[in-house]
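The chain below stands alone and is given in structure tokens; this is the form predicted alone.
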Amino acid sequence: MNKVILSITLISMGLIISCGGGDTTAPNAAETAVTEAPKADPKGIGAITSVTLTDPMEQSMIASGKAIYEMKCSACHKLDGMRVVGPGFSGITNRRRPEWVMNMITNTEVMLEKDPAAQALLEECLMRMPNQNLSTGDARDVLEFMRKNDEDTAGKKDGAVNS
């Protein structure tokens, strides 16, 4: 009889331990902490933290931005909303802050690695935007051209300025 009781006791203890019932310690804070995704900065990631927009738009900047667009951007980005390799430009200044646009142009690699909005575009387009090595001034000209394009194609520009 003692052997039966001992066998039942050992089997019961084995089941309790194997099911985790033997550990009564609470998990530590590091194990239970929920890691939150980093909050996206609407200005993006990079040296551009503030952009002064012109009103009315600066025509010489628009002309320069158009020339840069035609030389470096038009193969992948169309001026309407159509996605080719990259997303279409129509409405960009209504969806993205001017700082974000300029940081995407001048700090492409870091934006694609760390900015959630840029990562979502990469996931959608499946092609990394190459760094075109544009200066801050060139990027500002392209932004001014985008503003003009939005005014012409979307009927509104700068909708994302305060977002």
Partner chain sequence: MKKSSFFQLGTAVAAAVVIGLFPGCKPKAPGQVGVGDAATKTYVAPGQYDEFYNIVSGGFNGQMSVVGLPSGRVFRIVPVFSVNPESGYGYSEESKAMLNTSFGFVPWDDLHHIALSTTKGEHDGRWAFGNANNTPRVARVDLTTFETTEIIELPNSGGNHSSPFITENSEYVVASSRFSVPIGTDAQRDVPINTYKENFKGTVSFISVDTEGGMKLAFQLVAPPVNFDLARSGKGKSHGWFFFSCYNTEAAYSLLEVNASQKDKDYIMALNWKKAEEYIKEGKGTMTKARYAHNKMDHHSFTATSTILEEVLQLDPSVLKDIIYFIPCPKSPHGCDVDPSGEYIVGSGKLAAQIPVFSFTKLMKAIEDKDFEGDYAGHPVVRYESALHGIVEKPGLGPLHTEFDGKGNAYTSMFVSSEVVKWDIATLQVLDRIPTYYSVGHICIPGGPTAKPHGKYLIAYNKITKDRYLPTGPELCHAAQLYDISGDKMKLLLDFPTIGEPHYAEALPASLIKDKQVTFYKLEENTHPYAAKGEGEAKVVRKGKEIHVYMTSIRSHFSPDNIEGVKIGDEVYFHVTNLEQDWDVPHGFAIRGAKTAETLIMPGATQTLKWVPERVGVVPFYCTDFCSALHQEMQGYIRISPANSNVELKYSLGETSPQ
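In this text the structure is predicted, and so the values were computed from the model without any measurement. Positions refer to the first chain, counted from 1.
Another form, the form predicted together with its partner chain, is not on view; read the next lines as being about it.
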Just give me the single entry in Asn94, Thr136, Gln132, Gln119 that has a non-hydrogen atom within 4.5 angstroms of its partner chain in the predicted bound form. Gln132
Candidate spot Met71, Lys78 and Met127, all three touching its partner chain in the predicted bound form (heavy atom, 4.5 Å): yes
Touches its partner chain in the predicted bound form: Glu109 (any heavy atom, 4.5 Å): yes
